[in-house]
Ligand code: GLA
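What follows is one chain in structure tokens, specifically the form predicted on its own.
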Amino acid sequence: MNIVNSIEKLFRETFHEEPLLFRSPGRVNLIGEHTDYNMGYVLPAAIDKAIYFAVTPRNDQECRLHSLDMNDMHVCSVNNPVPSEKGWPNYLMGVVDQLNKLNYRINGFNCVFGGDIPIGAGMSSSAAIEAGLAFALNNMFGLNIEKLELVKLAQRAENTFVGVKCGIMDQFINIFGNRDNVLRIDCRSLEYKYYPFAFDNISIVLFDTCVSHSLASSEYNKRREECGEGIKIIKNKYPECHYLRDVSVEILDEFRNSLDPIIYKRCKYVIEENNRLLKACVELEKGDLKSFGVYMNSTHEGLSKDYEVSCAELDFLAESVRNNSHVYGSRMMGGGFGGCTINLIDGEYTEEVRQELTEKYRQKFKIDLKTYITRISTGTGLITIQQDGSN
């Protein structure tokens, strides 16, 4: 039984009603890492792994939330959502809390949800839950909230109720994702543009290191501070440069000797990454995936050497496929210090590459590599039970 059927079945058994069904995808980010909080560009895509919701409105103010994956129920009031020590309900209640703050009046509701987005693999299951529920409640209660406002609402739910200071990329691509396209988002203006990514013979493959180093959270915050320190100094001379995305390579070079060497490297990476992304988009318009992959490889080098957020396991995975003619590009994806590499691989050779890399990784680190093969799909939407969940 597939996930959609399982969720609908559990909903019927629990609430004895016919639910509305929604699909809310995970995401990958092809290029543009650590650029979001520097108000630069990102290039994500929605994928075929998703969270699914079954929902109905209630006649009272009670929210009954049931997690299929956790096999757990949580009950709360729509009028006064309070953070739960369980953790998982907060991603849902944060959305209700934001609707209250925006003075949208809704009744309580019944909800069963679950999915196949791997937890901790960097495909943003949290944004899929938040944006997915926001979309579902907007649809079910006829709130008429515009798509971009749903994105901002879902982001604030994570920032304020869950307490994670994420950027806007994950919720944005969740709502705006489009089949056979990646989405270039300007994280400052929130302008966006679709670029074609309809390569039938290409697999988007995530190789999961299955490690998470303790440095991840503290070093992430430190990188944000280092970028802030760099732009503060540059802005003294160039007041028009509000963020690193405003700084050219030539301007940065003027500060090579006056900036702390580490701060210089951090700024250099971010500026070059924004430039790489814009050039990579041009290659996609040409349909040149090989050139696009070269930029992905350069991103990994920058993240490893200049931004220093990689680790031995991520570097090993990226370097092991660097000279493989069947792999177009490979880089670490996400905050760093563990998680996955994202790889563009000739579909005919995906299994061959997977087997070879799995064996090399096991020999080197004594860890079994996990592999996730994805394809680009649409953003959040209403589905019917006859659909396969990827439409």
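Note that the structure is a prediction, hence the values are computed from the model and not measured. Note that the rigid core is defined as the largest set of C-alphas that superpose within 1.5 Å between two forms. All residue numbers refer to positions in the sequence shown, first residue = 1.
Only in words, not in the display: the form predicted together with the named molecule, which the text now covers.
Just to confirm, residue 34 within 4.5 Å of the named molecule in the predicted bound form by heavy atoms? Within the cut-off, so yes.
According to a 4.5 angstroms non-hydrogen atom cut-off, is residue 228 in contact with the named molecule in the predicted bound form? Residue 228: no, not in contact with the named molecule in the predicted bound form.
Should residue 238 be counted as a contact of the named molecule in the predicted bound form, where contact means heavy atoms within 4.5 Å? No, no contact at 4.5 Å.
Contact flag, residue 167 vs the named molecule in the predicted bound form, heavy atom cut 4.5 Å: Although the named molecule is absent here, residue 167 would touch it in the predicted bound form, with heavy atoms inside 4.5 Å.
Within 4.5 Å of the named molecule in the predicted bound form, do we find a heavy atom from each of 27, 220 and 334? Each of the three qualifies.
Quick check for you: of 246-254, 193-201, 168-176, 135-143, which stretch puts a non-hydrogen atom within 4.5 Å of the named molecule in the predicted bound form? After filtering at 4.5 Å, what remains is 168-176.
I want to check residue 52: does it shift between this form and the one not shown by 2 Å or more at the Cα, with the core superposed? Shift of 2 Å or more: no.
Compare the position of the CA of residue 168 between this form and the one not shown after a rigid core fit and state whether the shift reaches 2 Å. After core superposition, the displacement of the residue 168 C-alpha between this form and the one not shown stays below 2 Å, so no.
Core superposition between this form and the one not shown, C-alpha change of residue 309 at least 2 Å: The answer is yes, as the C-alpha of residue 309 shifts between this form and the one not shown by 2 Å or more after core alignment.
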